[in-house]
Structure formats: structure tokens, C-alpha cells
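One chain is shown next in C-alpha cells, namely the form predicted on its own.
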Amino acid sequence: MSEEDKSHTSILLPGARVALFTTDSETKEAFHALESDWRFARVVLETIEGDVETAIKSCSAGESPDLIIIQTEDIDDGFSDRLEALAGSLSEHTSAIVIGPDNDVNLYRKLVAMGVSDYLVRPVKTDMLGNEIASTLIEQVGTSDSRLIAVMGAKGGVGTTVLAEALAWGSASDLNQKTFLMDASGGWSTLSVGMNFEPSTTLGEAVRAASEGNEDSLSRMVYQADEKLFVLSSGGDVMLDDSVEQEKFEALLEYLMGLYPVVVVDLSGGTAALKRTILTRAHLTMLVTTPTLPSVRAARTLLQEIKELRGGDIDDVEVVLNMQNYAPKFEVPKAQIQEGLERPPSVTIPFDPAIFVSTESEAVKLGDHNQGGSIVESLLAPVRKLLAISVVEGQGSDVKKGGIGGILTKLKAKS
């Protein structure tokens, strides 16, 4: 396979489990090096000391991986027989790659005819192994979008940006997900203050680079806040200038979702067109409101509009009730809020101006405050559920094609 043919593997791979059976230290090293490859952020890589016999015992005793890699020093008919025995222990949808000692075209054709995805000759390098695994997973499991999370306020001043930042920090540090945070408000963004960076670009420049496919420029527009948290370093836009075009914004979104498992977008200052774009596609929407009547009424209207925008389905919209008890005499009772919104708030956050102002103004993480940790954990509850669903979807039988188990079963039935 040429490098051009492999260009389609330069995407974030779907959630999958890959098991390598080998006794060769060089192969193990090449395999484990894939853990630092961004494409494998959602792939579980397992190494088992052993050969095809070990694989038979292992797969007979547990659930089959999505892809199994067997390294062998013997490529005679006896190995082919043991490979058939292995197939009987595998799921119908499991793929297989074999690593052997010799470059044998006839053997390659025989193994492919048996249902093996590819035959590689030892020694294998990390780049080659990674591309072959990626190609096989894309063929067998299919591609899977990253998870897009929209954080939107029912009105201004409800704390949307602080909560978006807290959610992104929690996704990266607590859930260990490679996460990207961006603000859709252009020059009105305050993200640079809360995340402690100086804006080095504009939202307009970012969407233009994405629409032109300029990945080098885009990579320079990213601020790395932590090991697994990345932020679009925008905010330098002219505040009274026109906003970005919806089509170009979608190109930026496509680019980010091809690299990051979780993308969080703060919609608090975005235009109506950008909000519609994100809300239509979001896997999870966090609608932030306060318990005051104007905010609750706005939240009710937005829920109805989101419902119409999404064809009647708002099961993936969670209401966050922020600043509870900041003006008790003027707040709508919680029971009436639930009745008006036709759903209970998923998260209720008490009013605590000190931690919110310091988070917004001094770049202090919300989770670092004494009470902030519980707030972050409550925000992450819907995200945990979302990511669990994501794994199931990525590995579900509805999106898989036949693997070595299925093909070998059919070959045996014909014989």
C-alpha cells in the first residue's frame, strides 16, 4: 500500500480493541509506540506474550477484540490449521493481521483468501504497523465522529463560559479525554482570560485556514492548556466586525472533530447561524439558565426551538440551573421550573460568586476550589454517559463488516 493510498487513515480512529500476540520485543516496542499516535486516542492496545496457541486460549476464554495480530515464525500448513482453529474462537466480525518471517506472495494470497486482512513481514516499523491497523479498523469498524458538546446560555450573564471551561478541563483531566475547547463569539470571547493565554489569531482566520485546508496554519492557532486540553487561541477579532460564514465555520468544525475525541464549543456569544450549526450537530447540549423568570422563559423558548431544529428530539439536551439562591425572593421555585421546562434540571449549582469570579478573571480552574470539584463532577455526569454510548456505538455490530471468523466459517461450510 502506497503512502497516497494510506492518506485516508489520517483520521481519529473509532473506539476499538486491538490485541497483539507475540514474543518479539521489537514488535512489542513498535506496537506500544502507537499509544502516542493521535489517531489511536480511542483505541485500546493490548499485548499478550505468546503465539497463535495463546491466542486460541485467550479468545476462547473471553470477548474477542476488534482486531487480532498474530506473530509467527512458522508459516507452514500447520500454522494455517491453527489459524482456522483460532477463527472458531473469534467473533464473526473480528479482523486479523499476521506477522511472519518471509515475504511469500503465495502465503499472502492464501491468508487473505482465509479472511486475514494483511500479512506483514518482520521486522515491522511503527509507521507501517500503525497504518495497517488503521486501515483495517476503518474497513472493519467504520469511522466514528468525535463527540461534540455545545454549552449555551439561555441569556447573557448566566455563567456559560465559566462552565464551558470547567467542562473542558474535567473532560481532559478527570475523564482522560483529548479535548478541544473553542469559543464561537469571535472578538467578544473572554476565553483567553479564563484560560490564561494571549489571543494569537481570530475566529475568522481559523475558519479561513480550515476552509482552505491549511493545516500548518491551524496547528499554530492552537494553545495547549494541559497535556490533553487544547484551545483555539482566538479572540483577536474586531468586536463590531461581521461574523464568520457558516460554511467555513463547519469546515473548522470538521477539521477539529477529525483530531479530537471531545470538542466543546462555547456558544454564549455566537451568532444565530453558528448556534444553529452547532446545535443541529451536537451530541450533547448543556443549556445554562438561572432561576430568574426572564432566564427560565428564555430557556423554555430555546428548548422548543432546539426541538424543532432537531426534528422533535431533545433527549440529548441537559438543563444546567446555575446561581441558585443568589436572589431567593425573585427566583422561580424549582418545581415550577421543572414544570415550565417539562424536565428537571440535570445539574443545579448554588450561587458562589467568589469561585466563579476568580475562575473567570484569574485563570483559576473551577475544580481547584473546595466546592468547585463537586460542580465539575456534576457537569461531567452527562458526558460520562455520552462517552460510554460512544464506545458501544463504535464497537457495535450494526456498523461492522465480516471478519476472519465469519469468512473462515463460510469457507468451512463450503468444504
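A residue's number is simply how far along the shown sequence it sits, counting from 1. Keep in mind that this is a model prediction, so the values were computed, not measured.
What comes next is about the form predicted together with a small molecule, which is not displayed.
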{"property": "Contact label in the predicted bound form: Asp37 to the small molecule, heavy atom within 4.5 Å", "result": "no"}
{"property": "Val116, heavy atom within 4.5 angstroms of the small molecule in the predicted bound form", "result": "no"}
{"property": "4.5 angstroms heavy atom contact with the small molecule in the predicted bound form for Ser295", "result": "no"}
{"property": "4.5 Å heavy atom contact, Val357 to the small molecule in the predicted bound form", "result": "yes"}
{"property": "Contact residue in the predicted bound form, chosen from Ser146, Thr161, Thr94, Gln71 - any heavy atom within 4.5 Å of the small molecule", "result": "Thr161"}
{"property": "Listed residue (Thr179, Thr285, Asn322, Ser234) with a non-hydrogen atom within 4.5 angstroms of the small molecule in the predicted bound form", "result": "Asn322"}
{"property": "Contact segment among 342 to 350, 59 to 67, 376 to 384, 42 to 50, judged by heavy atoms lying within 4.5 Å of the small molecule in the predicted bound form", "result": "342 to 350"}
